[in-house]
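Presented as structure tokens, the chain that follows is alone, the form predicted alone.
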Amino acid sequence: MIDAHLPVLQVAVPLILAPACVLFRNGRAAWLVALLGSAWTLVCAGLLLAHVVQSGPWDYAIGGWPPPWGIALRIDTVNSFVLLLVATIATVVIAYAPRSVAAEIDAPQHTLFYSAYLLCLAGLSGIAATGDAFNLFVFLEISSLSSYAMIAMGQDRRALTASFQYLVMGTIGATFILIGVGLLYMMTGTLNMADLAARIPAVGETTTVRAAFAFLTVGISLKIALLPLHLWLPNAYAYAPSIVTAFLAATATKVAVYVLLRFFFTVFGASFSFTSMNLDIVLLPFSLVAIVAASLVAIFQSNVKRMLAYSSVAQIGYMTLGISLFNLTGLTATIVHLFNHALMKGALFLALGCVVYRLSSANIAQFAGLGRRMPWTMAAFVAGGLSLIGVPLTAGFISKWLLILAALENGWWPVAVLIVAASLLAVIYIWRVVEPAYFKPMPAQAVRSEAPLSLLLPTWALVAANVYFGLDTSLTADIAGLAASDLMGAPR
């Protein structure tokens, strides 16, 4: 009986458990509820992906009302892969949470944090699972509002400013998305994505549909923090509690990239997006500038959280670059990097959370001798950094290799060269952390004080995943290839 309702339970369980965290009025009990909710989504996502790979897409009509009158969930290869990513990160991060939350969030807010966390998880899962354009906006707002609340829980007063800035920019992005959806509804009379895809070709050349495409492109680009619409991201990552930064960096922008893929390839269709609207010509320069400019800015940051935040802007450029190449390999690279970047940034931010737990600072000046004071933590950071650079035998290498192949397929060898050059920029900013940690002496009063095991184990779980998926690509590249084929309408 439960098996028949897995698509809706993927979203409903964390949504129902969220208010329970507040009702318990106990931080430990709230954490257990959040852990159970996250573990459930992981199991559910794994079952959904297995079903889709074996049997094809799963259409679920909520309340038994068929679309377009009822709200539908549609699980296919693309979004089941994203659901698995979100659930995996959520489960690892919540296992890491108790000590980190106790150190960085005031005790009276612990239950509120876990409630907001589950709401965000439900919202992100709903964005991926829904087959309805308006409900995608609703779930987007659920995840965004809970994100603003979690960011504001940071002890640094600048967290409030960062949260407010994110709220303003996020609201602008959401408004653009809602306008775009409204314009599509005006022209087609439906909000169901499958119906939209069927009806848009008849009205695709109208100014209204083209305006809807433009509004959605800008709104979603703001949500994914594509340069120059990225200004909300560095402060949000830098001043949020470490656990919040790790969770959002590994999930929120990745789900937004999925939304971009869903509208470009499923709702509007690849032909309209790239032939009629010339999306590749618009997206390519922004992607290349993001890769280079954000990497250069990252080099000059003194706060490691801000450094990794600008690195995320550059990595988002890699994802949109794969889309702009408009070939099967490039789209596969985007989907693979969406998964791999979540693993590497999750590992890096969790390792950084271990440092903040001991030093109460993420400033590079405090990293002197940290390789000897916190050897396991810094080893995890280095391993995550190697994956971010794209060193062979790590997940990051697979992503960049596929991107280079996609660029060469189009004959764009300068783009391939730029991908390699940007990886060298990543070497520089990762080295800025490694150099003081391993090659500068410890302060005279410092003693060896490794992070607790409860923080190290989840961190190293993601490090191990970075290595594993650099060696075995059967889950990442193979599933991403199937997903890319479905999006492009190519035979498997």
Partner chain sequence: MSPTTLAVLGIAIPLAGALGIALCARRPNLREAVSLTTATAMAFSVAALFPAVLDGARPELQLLEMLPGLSLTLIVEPLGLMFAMIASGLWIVTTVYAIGYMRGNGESHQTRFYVCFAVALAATCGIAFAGNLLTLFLFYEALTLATYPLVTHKGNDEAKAGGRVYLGVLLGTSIGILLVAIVATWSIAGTITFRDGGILAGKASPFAASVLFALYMFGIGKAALMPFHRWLPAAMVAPTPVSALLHAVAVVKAGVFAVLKITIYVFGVDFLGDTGAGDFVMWVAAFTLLAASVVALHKDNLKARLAYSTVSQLAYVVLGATLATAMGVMGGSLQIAMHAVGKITLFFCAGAIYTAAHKTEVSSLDGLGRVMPFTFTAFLIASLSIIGLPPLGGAWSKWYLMVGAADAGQTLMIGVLMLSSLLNVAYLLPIPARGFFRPLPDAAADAAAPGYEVSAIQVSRIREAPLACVVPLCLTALGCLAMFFYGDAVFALLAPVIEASTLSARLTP
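Positions refer to the first chain, counted from 1. Just so you know, these numbers come straight off a predicted model, no measurement behind them.
What follows is about the form predicted in complex with its partner chain, which we do not show.
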Proximity to its partner chain in the predicted bound form (heavy atom, within 4.5 Å), stretch among 450-458, 59-67, 36-44, 426-434 = 426-434
In this chain shown alone, the residue from Ala202, Ala107, Val420, Met186 with a heavy atom within 4.5 Å of its partner chain in the predicted bound form is Val420
Exactly one of Ala122, Ala383, Ile398, Leu370 comes within 4.5 Å of its partner chain in the predicted bound form through a heavy atom, and that residue is Ile398
Within a 4.5 Å heavy atom cut-off, is Pro392 in contact with its partner chain in the predicted bound form?
-> yes
Is Leu145 close to its partner chain in the predicted bound form, meaning a heavy atom pair under 4.5 Å apart or at it?
-> no
Find out whether any non-hydrogen atom of Leu405 is located within 4.5 angstroms of its partner chain in the predicted bound form, and reply yes or no.
-> yes
Might Ala477 be said to contact its partner chain in the predicted bound form, defining contact as any heavy atom within 4.5 Å?
-> yes
At a 4.5 angstroms cut-off on non-hydrogen atoms, which residues of 451-478 are near its partner chain in the predicted bound form? List them in order.
-> Gly470, Leu471, Thr473, Ala477
